[in-house]
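Quick setup: one chain, the form predicted on its own, written in structure tokens, and binding and motion questions come after.
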Amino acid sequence: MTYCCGVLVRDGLVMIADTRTNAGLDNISTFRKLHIFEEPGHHVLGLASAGNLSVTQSVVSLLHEGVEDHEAGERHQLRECRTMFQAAQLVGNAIRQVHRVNGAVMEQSSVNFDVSFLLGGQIAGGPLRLFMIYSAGNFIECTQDTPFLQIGEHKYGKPVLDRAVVYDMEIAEALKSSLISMDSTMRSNLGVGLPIDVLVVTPDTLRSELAFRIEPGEPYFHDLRERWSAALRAAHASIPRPPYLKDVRTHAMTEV
């Protein structure tokens, strides 16, 4: 399993993805799942993937080499797209092409064709946008009302984003919330783990503001994990006890 999330706020875009891939407790590997397509001044795109590794790698390879347009007899790459909507369509086409080639064989072998992608970034002349693309090649777009999207093992990290992320927040706060969301997922699911890849893009720069890998033992992320755990314990302790058990003596009180 994996966990990837994208947060799109007024100040920019944050995308993060873990790198853990496992086929059992004794077969754990590291693979990059956040891919960056960048031509400074023209476009900067982040593509995060979740699902069957062979399918996601095939889709990424097609996007680099070119997705076939059989009607026109041409191949199209992400760098040729004039809008983010066209880029999302191209990713969807790449998924469908891989399905046409491998879908039936995978089904015969009882292997699910289960993939999803987050595509975020900016192309010259257009705004920053963020899309979630499904295994059928269809997609939805992030909005100001819900300024984040997730794929993979998303349920553990979603409550943090639901409570913390708003469209008007600063980009540094969006990154911090995303990392806390990742930490919450890692705490609850062994299928998600370090290293973590991070991409930050700010509006109209048309380049990556930050492209960074958080390795095990990285000081800031370690400190964030410890502080978040301590803050949760302190918040729990500061909330008054439920009034419904006022006549029940605790074990500690009984021993005294």
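Numbering starts at 1 and runs along the sequence shown. Computed from a predicted structure; not experimentally measured.
What comes next is about the form predicted together with another copy of the chain, which does not appear here.
Listed residues E80, E173, E141, D114 were compared with another copy of the chain in the model of the complex; E173 is the one with a heavy atom within 4.5 Å. Between 98-106, 181-189, 131-139, 71-79, the stretch whose residues reach within 4.5 angstroms of another copy of the chain in the model of the complex through a non-hydrogen atom is 181-189. Contact check for F31: no non-hydrogen atom falls within 4.5 Å of another copy of the chain in the model of the complex. Put simply, E209 is close to another copy of the chain in the model of the complex: some heavy atom of it is within 4.5 Å. Although the partner is absent here, A164 is a contact residue: one of its heavy atoms lies within 4.5 angstroms of another copy of the chain in the model of the complex. The shortest heavy atom separation between L53 and another copy of the chain in the model of the complex exceeds 4.5 Å. Proximity of E38, L63 and G126 to another copy of the chain in the model of the complex is absent: no residue of the three has a non-hydrogen atom within 4.5 angstroms.
Contacts with another copy of the chain in the model of the complex, taken as any heavy atom within 4.5 Å, map within 7-22 to R10, D11.
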